[in-house]
Structure formats: C-alpha cells, structure tokens
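Just one chain follows, in the form predicted on its own, and it is written as structure tokens.
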C-alpha cells in the first residue's frame, strides 16, 4: 500500500468506484491541491485504464462537489474559501448533533468506548507532534461518531463533508489546531457521551465546531 493520497495502478477489471476512491483520497491529502487541473491522459496512464472508467469516476467527484467543470478547459479540483468553511461546518454540526442524539438513545457507553479508542490514537499522534496523523485520527473520530448513530443517510451526508474538511486541514496543516486543545475537545465529547449528558454533549460539540470555523476562517482569509 502507498501513502495516503498516493495514486496506484488498478487492474483493468476494476470499477470506476475504485478509481474514484483513489482520486478522492488524493484530493483529501493534497496530492491534487485546490485548483489543480485533472489531466485525463496522464491520469489514465497512471491508473492503467482507458478514459471511459476514468471519466465516470471523475463525474462522481463532480457530483460530490470535489471537482468542477470549467467550459473549454476541463475539470479542476474545487477551491474552498471562507464561505465554504462556514457552510461545511454548519452542515457538519447539524449531522453530528443528530448523530449524538441517536447515540444517547441507543448505547452511549459502547459508543464512548469505541470513540475512546480513536481518541487514544489522537493522543499518540499529538504526543509525537505528527500533525498529519492527528488530522487523520480527528476525522476518523468524527466518522466513527456518525457511524455509531446507525443512520446510513447521516453517514452518506457526513462522508463528503469530512473529505472537504480534510481538504481544509491539508491546505492549512501547519497553522491548524493546537494539538493539546484539539485532543482535549475530543476528550470532552467522549466524556459527555459516557455520562449520557445530552446538554453537555451538544454544548461541547457546538464549541468544538465553532472553534474550528474561527481558526480555519482566520487562516483562509485573504491578506489585506
């Protein structure tokens, strides 16, 4: 296996879904930064496939908003601005609030245990100063949170939002969060779920999202 975001050849019988997964990962991890033009011939060669399945894969990413078409020019990786950051986190807050409420109505102790395991990965990454691993564990934490709600529709909504979040984090990785603060905020979420404290859980989740928006928006704002 290659590094996250690295393209790998695929077998001819592989589906467009596999190609889409690799392109999605490459966009997430900055292999294709925002604004990159997607060169069909070059990509088809790297994947070892014809342009047909490649085009199908890229159209999936257009539908997800990760690529956009420019007339007479081709497909480009979407660039996220400050308004996009606000919109992404507004949508994430709605999805994850709903997930939290579902978790509290099912098995919060089991959920806290699962999330605690992911949180331990965050602690380890923060301890050695590995910001890339910390960012990955951060997203796995939120992906797991939504998964534990048991709602396929919430999972689908969260998937693209988390990819867009990772795009923001990759672009601003050196400026992103203080590792200690980030780890502490996630610990507070786990503790509130463990205690089945709905008011506290929603409070810390909202604060976590608001702080991320404030930091990312400040860093993404154009210089005057």
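Positions refer to the first chain, counted from 1. Computed from a predicted model, the values in this text were never measured in an experiment.
Omitted from view is the form predicted together with the DNA, to which the following refers.
Contact annotation for residue 30: none of its heavy atoms lies within 4.5 Å of the DNA in the model of the complex. The DNA is not shown here, and in the model of the complex it never comes within 4.5 Å of any heavy atom of residue 46. The DNA in the model of the complex is approached by residue 55, whose closest heavy atom lies within 4.5 angstroms of it. Proximity of residue 62 to the DNA in the model of the complex falls outside the 4.5 Å heavy atom cutoff. Remark: all three candidate residues (37, 40 and 74) come within 4.5 Å of the DNA in the model of the complex, counting heavy atoms only. Of the stretches 66 to 74, 156 to 164, 194 to 202, 178 to 186, only 66 to 74 has residues with a heavy atom within 4.5 Å of the DNA in the model of the complex.
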